[in-house]
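Below you will find one chain, with nothing else, as structure tokens; this is the form predicted alone, and questions on how it binds or moves follow later.
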Amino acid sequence: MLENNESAFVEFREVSKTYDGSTLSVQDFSLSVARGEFVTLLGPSGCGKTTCLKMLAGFEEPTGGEIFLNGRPVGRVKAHKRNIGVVFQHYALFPHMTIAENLAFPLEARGVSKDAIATGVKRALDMVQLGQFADRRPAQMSGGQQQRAAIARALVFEPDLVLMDEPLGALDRRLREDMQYEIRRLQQRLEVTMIYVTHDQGEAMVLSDRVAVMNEGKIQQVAPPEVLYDEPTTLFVANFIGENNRLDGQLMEWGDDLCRAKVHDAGVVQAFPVAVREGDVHTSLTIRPERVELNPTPGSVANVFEAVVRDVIFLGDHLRIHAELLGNSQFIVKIRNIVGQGAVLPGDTIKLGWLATDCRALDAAAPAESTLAAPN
């Protein structure tokens, strides 16, 4: 993560926002974004991510802290003077205008010449493969085409920064996936800085160079997608990004690279200590379902326990096993659906195992779920 410094293209410094004077929708929010980077604000509804975007765009004023763009504070800069392109979920295209006229509008507002407008509109439409739709009105286009037109309009005046607020939320699953790759391709080709807001973790993983996971108006962790998935530093991030099995235990031994915790008054689990310190009593252990091995080879993993199968669900390329293990009645295991895997049936007693390094020991006292009910 970038630190607060002059080289950051976008920077939030301890920004806070309250709408009622008492409840903070955003609190002590600090984030640095490099030029050309794609950063996503990810979190549940009400966590403050859209509020952060609005403050950066100039649609809302921070209650405290400061926002910088290219090293300069933007607090006194009007929204239309910030040279920021914005794309919303509901497109915001003018229905009475053609697509070409929609794209020309921000250029006309900036006093661009007619010849330059024609050139810019054509270039932007070609960029999103909509050149043949220039004379159509939004109602004559599909949802995906309208969203591509909205993206083209946000890019037509060559902004310094593009902000996207849940831009694909209204699209069906297949079209949403196609648009994710389209947005990422455009961003990489144009090398434009993008800050994206979503509550969809899969979308954040596909698009982003880095993801800032938010909860209750605060950043929980900022990291590349693979780091967030493999190395969550809080229980909230571990639960919000992908699936995780959770086992609550009492710490018995602690070291820099290994700790041991007693779980369910029975088993002793070895884990990698992430957010526990010597002297802590309680911890929450998390293990990804795909990191759990069915009937592991003796001696291959540090943690091996008996479990009782409660359910087996066929999901095409893999099987999803629900088992009871160390007091957790919904312990999940994902195994590949391959010939020779062997039948696993409800009621069977099986052995499940995992490496100590795949098991993360986190702070059990930290919140695992959002309780904030404030503007998004």
Partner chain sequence: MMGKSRTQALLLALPLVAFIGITFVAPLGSMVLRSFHDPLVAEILPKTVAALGEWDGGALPPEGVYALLAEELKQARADRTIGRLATRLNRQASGLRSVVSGTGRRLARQGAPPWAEALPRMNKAWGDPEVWHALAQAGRRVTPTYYLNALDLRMDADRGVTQQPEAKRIYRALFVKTIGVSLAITLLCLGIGYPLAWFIAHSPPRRGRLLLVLVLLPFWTSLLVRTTSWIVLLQQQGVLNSLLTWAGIVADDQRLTLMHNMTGTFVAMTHVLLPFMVLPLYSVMSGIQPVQMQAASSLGARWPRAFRRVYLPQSMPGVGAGCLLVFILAMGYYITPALVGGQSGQLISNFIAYHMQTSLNWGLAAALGSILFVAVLMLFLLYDRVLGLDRMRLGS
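Residue numbers count along the first chain shown, from 1. Owing to the predicted nature of the structure, the values given are computational and were not obtained by experimental measurement. Rigid core (definition): largest C-alpha set, two forms, superposition within 1.5 Å.
Below: the form predicted in complex with the partner chain, not depicted.
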Interface stretch in the predicted bound form with the partner chain - options 173-181, 139-147, 119-127, 80-88, non-hydrogen atom within 4.5 Å: 80-88
Give a yes or no for G299: in the predicted bound form, does one of its heavy atoms lie within 4.5 Å of a heavy atom belonging to the partner chain? no
According to a 4.5 angstroms non-hydrogen atom cut-off, is H282 in contact with the partner chain in the predicted bound form? no
State yes or no: in the predicted bound form, is some non-hydrogen atom of F105 no more than 4.5 angstroms from a non-hydrogen atom of the partner chain? yes
R110: touches the partner chain in the predicted bound form, heavy atom cutoff 4.5 angstroms: yes
Under a 4.5 angstroms heavy atom criterion, identify the one residue in L93, A223, A275, V74 near the partner chain in the predicted bound form. L93
Is every one of F59, R153 and F157 within 4.5 Å of the partner chain in the predicted bound form, counting heavy atoms? yes
With the core lined up, does the C-alpha of P289 move 2 Å or more between the shown form and the other one? no
Does superposing the core leave R137 with a CA shift of 2 Å or more between the shown form and the other one? yes
